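Given as structure tokens, the chain that follows is alone and in the form predicted on its own.
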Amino acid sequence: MHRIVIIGGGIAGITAGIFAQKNGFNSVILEKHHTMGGECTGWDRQGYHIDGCIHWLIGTREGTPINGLWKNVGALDGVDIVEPESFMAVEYEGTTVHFYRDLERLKSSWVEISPEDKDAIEEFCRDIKTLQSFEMPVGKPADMMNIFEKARLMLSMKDAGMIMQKYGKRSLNEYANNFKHPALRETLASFSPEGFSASSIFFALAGFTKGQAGIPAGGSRAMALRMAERYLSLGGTIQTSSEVVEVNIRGKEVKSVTCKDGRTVEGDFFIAACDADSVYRGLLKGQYPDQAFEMRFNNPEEYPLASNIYIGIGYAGTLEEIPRTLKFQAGSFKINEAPIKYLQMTHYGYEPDFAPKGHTAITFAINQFQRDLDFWEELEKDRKAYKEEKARIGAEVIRAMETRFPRMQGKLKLLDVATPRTYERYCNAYRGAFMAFWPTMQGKELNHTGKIKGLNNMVLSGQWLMPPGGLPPALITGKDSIMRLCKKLKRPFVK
């Protein structure tokens, strides 16, 4: 029986392990952290649970191919799906703009705000509805398809292609200027950072408005642990606190990997289900470079990486009347000398186990990009200054909350502040990235097979291989790694 060693116990690694076991392999997952899930995680602080990943999950609509794949790996099988009525609400100078799940309600609420934008609003909603036909392909990877399968795939992607042609090379800021009302302009422009493609908002809202982007009850960590249980039930082996630090290569074959504690794990095949940079420049010491990745890593202007500052807040009260995710103006607040115009608040009032009774867990995510990542990398060298800055940011967020919600004064507790360095430290995430390369107008999408040139029995898997990154690509590429291996060994693939 062939033995597969999987480096990384995130969503891609667990998925690869599940399909390895289903297809008759003997597999082991080596995970750096003490908890499975990688960046799909959450943590407990002061009686609260901070959900660290899922804002929405593509694949929650019953009967769709990606929903079937999530259920196959145990992520959503028998799990309730939370479907907030609003994707996000954005406040701007006294006006609140809602991204409602009901597309007709979204349209009518926006027209009520700005009748003069009726034509632009209707076009916006029509294009979202058009894109609802798009389903993320989860069958064979393109490199395994025959010409007829590729033609069917292209045909199924025609609506997505139309949206990309219309908006892919337009910035969101440019698109927002189609709207006359300042609240609508500001809401659209603030959806993604400046310079990013307008297409991103259409893909996000198409999934949400057709019921394909809900939230699994129990949150991120619970979902990852359900998948780990499915893997173990199939006979797989998990070794946590087992960070791989060296790959032992003879010729074109990987023979074993060495963990930080000195243990050596041998195998016939190796799947690096982890950060691309930590594989190519770390484990492989730059000796097996990949041109597509190197070009992107060395060109952060066209291929930016995004991380965030993630703040957990405990509130001694309930928030039933506030949308799950609310973006409000932050006031005078700076990080790394850059003004923070908005704060994006997500509350978990629908999760009773995330907080003591009568209390609510709240998180804030503040996007961080290249300049910010440099700042945090330098600041962490002075641990005292680093901790002081985290505490200052937490205090600023609480101040902004108490200004916006006076009834919260004296009822807020800072639970935790994670920075890009936190993601790098716990998950080996390159520069703290929680997604792959973000879609800009200049950048080209990367669709990668995971093959590492010069090595016959080791591949890369995970979110870095498919746009836009995140959990669905991790799921799909984990499965694809085993599909390709089955093809290589000339054996049927078992779903």
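As the structure is a computational prediction, the values presented were derived from the model and not from experiment. Each residue number is its position in the shown sequence, starting from 1.
Quick note: we don't show the form predicted together with a small molecule, though the next part is all about it.
Of the candidate stretches 173 to 181, 108 to 116, 271 to 279, 368 to 376, only 271 to 279 has residues whose heavy atoms lie within 4.5 Å of the small molecule in the predicted complex. Although the partner is absent here, Ile482 sits far enough away that none of its heavy atoms falls within 4.5 Å of the small molecule in the predicted complex.
Contact between Ser242 and the small molecule in the predicted complex is found at the 4.5 Å heavy atom cutoff. Remark: Tyr100 does not count among the residues lining the small molecule in the predicted complex, judged by a heavy atom distance of 4.5 Å or less.
Interface membership of Asn308, defined by any non-hydrogen atom within 4.5 Å of the small molecule in the predicted complex, is confirmed. Of the listed positions (Gly450, Gly59, Gly42, Gly37), a single one reaches within 4.5 angstroms of the small molecule by any non-hydrogen atom in the predicted complex, namely Gly37. The partner is absent here, but in the predicted complex a heavy atom of Tyr423, alone among Phe333, Tyr423, Phe328, Tyr288, sits within 4.5 Å of the small molecule.
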